[in-house]
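Below, in structure tokens: the form predicted on its own, a single chain.
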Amino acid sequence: MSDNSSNNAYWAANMRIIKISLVIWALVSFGFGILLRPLLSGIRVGGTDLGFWFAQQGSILVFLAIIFFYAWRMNRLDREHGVEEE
């Protein structure tokens, strides 16, 4: 029975990490790049406004950071639950 509860805890933690990552990615790519672009247009970054920067480059860089964070966090979670790879 404890094996089943451990599996449930592992997958609950995994799904929480995925949901948080998706919310951050949606906020950065859709929120900052599209919805909040008029508010960010006064801030200049690299010769262009911040909203355009998020739409073109920022969302990609945040997505890459999320991938590395997810891999790091999942390796740690795997070790905590004893399912790490050798």
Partner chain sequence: MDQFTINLLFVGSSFALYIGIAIWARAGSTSEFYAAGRGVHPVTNGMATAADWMSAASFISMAGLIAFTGYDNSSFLMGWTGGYVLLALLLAPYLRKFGKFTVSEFIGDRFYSQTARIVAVVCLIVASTTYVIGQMTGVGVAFGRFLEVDNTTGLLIGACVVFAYAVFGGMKGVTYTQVAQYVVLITAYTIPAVFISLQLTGNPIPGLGLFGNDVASGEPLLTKLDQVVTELGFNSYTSNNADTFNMVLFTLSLMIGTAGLPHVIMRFFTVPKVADARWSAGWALVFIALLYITAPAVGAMARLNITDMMWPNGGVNGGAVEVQQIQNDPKYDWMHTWQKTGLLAWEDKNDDGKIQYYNDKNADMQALAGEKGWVGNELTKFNRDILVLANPEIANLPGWVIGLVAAGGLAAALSTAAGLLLAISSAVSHDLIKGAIKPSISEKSELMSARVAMAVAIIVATYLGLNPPGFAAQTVALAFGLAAASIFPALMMGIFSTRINNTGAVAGMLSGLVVTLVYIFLHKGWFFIPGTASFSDADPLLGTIKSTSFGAIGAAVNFAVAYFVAGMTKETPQVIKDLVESVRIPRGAGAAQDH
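Positions refer to the first chain, counted from 1. Since the structure is predicted, the reported quantities are computational estimates derived from the model, not experimental observations.
The protein also exists as the form predicted together with the partner chain; that form is not presented, and the subsequent description refers to it.
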Taking any heavy atom pair closer than or equal to 4.5 Å as contact, tell me whether residue 5 reaches the partner chain in the predicted complex. no
Does the partner chain get within 4.5 angstroms of any non-hydrogen atom of residue 45 in the predicted complex? yes
Determine whether any heavy atom of residue 84 comes within 4.5 Å of a heavy atom of the partner chain in the predicted complex, and answer yes or no. yes
So in the predicted complex, does any heavy atom of residue 66 sit within 4.5 Å of the partner chain? yes
Which of the residues spanning 55-84 lie within 4.5 Å of the partner chain in the predicted complex, based on heavy atoms? 55, 56, 57, 59, 60, 61, 63, 64, 66, 67, 68, 70, 71, 72, 74, 75, 78, 82, 83, 84
